[in-house]
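The same protein chain appears twice below, in two forms, each given on its own as structure tokens and labelled structure 1 and structure 2.
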Structure 1
């Protein structure tokens, strides 16, 4: 067999492999994408296969990374559409208990390798948002949510929007920095209902 042909065949395989991992919207050479993927797969050798899965991007993560978070036009609409399709609402009302919601908003633990197995993840909402006047140790990455329900009311449509936004923020804003708490299984239904109540309940400190 012709050695040049073997080389060409091998090259074709390598190029295809590189092409397959490259995001469609990326502007860098595919080789850097392939090398970044290789760096990732060699950097966490003590991780279990389950944890290794965290290094594999889903389609939304791929697109938002390649676009540096600034996705526009058809690609942006496509994400909103695909993420809208992920929304799931529980039976029997979306408003939980705001007091429990406040605890979920305060808790920043969960899903880190340093957490004890079985730790119930929090929403860590205060890391990024101002929520109540009392908590001054709030972040500013996301918008202030002070007076959220007072401004918007508690209609069924508003409850659905609020729960949906917590469930999957990218169903409304493509490449949002906010974790997709329901879609990625970070928070459970009750926690998301409690957060919905924290934001909307007229008795919640958010609306005082």
Structure 2
């Protein structure tokens, strides 16, 4: 499920609690989605063009929404193929500094209304993954990353896979909930290299 559908679902729950949505009697998901999308869009009329653009799904997001959790093999293969074509790798190595990567992973700022101009977006990785044993709280939407590099090693192929997964997770897992950090321009090249190091460097807390 993509972020827009999650937001729409949250709006629907709020409206139901307030008594402003009549009970649905049939199967009208398309109609309900259209009404919810219209309500969401109308609430962003004063937002910047960049924010309004976030309400527009790209082709892959549309396909994943339409699949509604029933992804066929053919569609999955098509999505992976199309997203593999978006991958762009940096020259001069794929691993940066794991210490900088840890800061990116633990930073949840960026792409929010409350951000000050010039705020550098973080990865917000802790919201979905466990990154170190010392963490008091972490998300569980994604798998724990503890021992990621210890289990997989640091081969060139693994570096490429790890960087690529950060760049665009759907190039490997169709309809993944993980943000496409590089493809959507959320993180820059150096940040993604640093995150790759965080996951693979033996000295990183991920691998302790």
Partner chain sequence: MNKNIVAAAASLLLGAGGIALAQDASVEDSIAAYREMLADDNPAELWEIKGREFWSKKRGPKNASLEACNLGLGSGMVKGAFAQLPRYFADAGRVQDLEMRLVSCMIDLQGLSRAEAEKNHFSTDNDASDIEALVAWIASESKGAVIAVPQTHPKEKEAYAIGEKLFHFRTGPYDFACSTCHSTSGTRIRLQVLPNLTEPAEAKPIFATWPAYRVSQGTVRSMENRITDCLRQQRMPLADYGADVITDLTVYMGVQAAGGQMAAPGLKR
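Positions refer to the first chain, counted from 1. Whichever C-alpha set is largest while still superposing within 1.5 Å between the two forms counts as the rigid core. Remember, it's a predicted structure, so these values are computed and weren't measured experimentally.
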Which of the two shown corresponds to the form predicted on its own? 2
Once the core is aligned, does residue 48 move its Cα by at least 2 Å between structure 1 and structure 2? yes
